[in-house]
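Here's a solo chain for you in structure tokens, the form predicted alone.
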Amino acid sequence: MRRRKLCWHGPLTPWLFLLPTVIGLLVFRAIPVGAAFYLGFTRWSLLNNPVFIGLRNYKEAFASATFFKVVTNTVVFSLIYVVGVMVVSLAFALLINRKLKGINFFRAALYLPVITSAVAVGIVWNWILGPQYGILNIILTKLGITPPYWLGDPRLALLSVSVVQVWKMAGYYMILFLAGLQNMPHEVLEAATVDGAKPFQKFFHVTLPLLSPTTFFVLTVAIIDSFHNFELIYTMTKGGPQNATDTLVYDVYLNGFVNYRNGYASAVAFVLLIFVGVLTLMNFYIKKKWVTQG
């Protein structure tokens, strides 16, 4: 008697497994993005129905000096964050890429800020950078240095918040660089050592080129991450002083949930989306000029 072959899946089974993800993307991503795109052309205060006003929100944004101040703050914050986080995380990765006793403790300690709540980080650094009772200013005063007003001075506030963001996230990118370093072919490094290459020559001519795919990934993620700068700004400065730390993502919050100008906030959100998209595409475009495929 011929046995019937049991088969629980058919041609449509993979699509059934994909269906929850597709529904999630549509409900929580595509539809909100489409709705926000439409709302960018409306005047809406949450209490009334949206009124279509065409490009008026975009015209208002690009005619506003405050908006250009916000864009400038966003660019400066991103530059400090991306450069700072890549240099610091690579330095950390090189330091902990050693087989030393207790090295796991240092790896965990450097990663700890990443898993700490951004709100808690903001509150603690607010205390550290406080003008009168902040521990940093107390130390500077004992050293005979006149302490600055880190978060109250418009010239220093954005730099201070950016450095704190670098401190918080450097551990995350350190792990990525560490994975890249540990997957590197050691034969190449040993061959460079045999040829008499000095440490800095091995770093610039061997390590960095071999690490370029990881560097490209870290750079792309860091650029996108640099625009997610809401929590620390909210807890440390709330966009002040004098809009010195007001960035695009914080401006979306201010217009949408403080001033109830949701149409204008949606327009600013799309400007932010275009920013991130253009920078990411540029990064992919120049990838072939400096990324070495192994």
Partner chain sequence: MRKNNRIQTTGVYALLILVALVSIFPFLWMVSSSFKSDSNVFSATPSLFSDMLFRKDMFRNYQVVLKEFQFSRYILNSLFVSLSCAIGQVLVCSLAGFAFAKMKFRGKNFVFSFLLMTMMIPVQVTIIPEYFLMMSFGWIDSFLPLIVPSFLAGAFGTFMYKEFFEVVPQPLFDAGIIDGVGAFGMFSRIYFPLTASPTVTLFIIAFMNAWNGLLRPMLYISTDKLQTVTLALTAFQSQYDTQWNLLLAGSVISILPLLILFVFCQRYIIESAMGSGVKG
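Note that the structure is a prediction, hence the values are computed from the model and not measured. For clarity, a rigid core is taken as the largest C-alpha set superposing within 1.5 Å between two forms. Residue numbers count along the first chain shown, from 1.
The form predicted together with the partner chain exists for this protein as well; it is not shown, and the discussion that follows is about that form.
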Contact check for K101, F105 and I128 against the partner chain in the model of the complex, heavy atom at 4.5 Å
yes
If contact means any heavy atom within 4.5 Å, which of 153-161, 201-209, 70-78, 178-186 contacts the partner chain in the model of the complex?
178-186
Does L18 reach the partner chain in the model of the complex if we count a contact as any heavy atom within 4.5 Å?
yes
Closest heavy atom of E231 to the partner chain in the model of the complex, within 4.5 Å or not?
yes
Within 4.5 Å, heavy atoms only: does F52 come near the partner chain in the model of the complex?
no
Check M86 for me: does it contact the partner chain in the model of the complex (non-hydrogen atoms, 4.5 angstroms)?
no
Quick one: from L90, M169, V82, I96, grab the residue that has a heavy atom within 4.5 Å of the partner chain in the model of the complex.
I96
Any residue of 116-130 that, in the model of the complex, places a heavy atom within 4.5 Å of the partner chain
T116, S117, V119, A120, I123, V124, W125, N126, W127, I128
Classify L16 as shifted (yes) or not shifted (no) between the shown form and the other one, where shifted means its C-alpha moves by 2 Å or more with the rigid core superposed.
yes
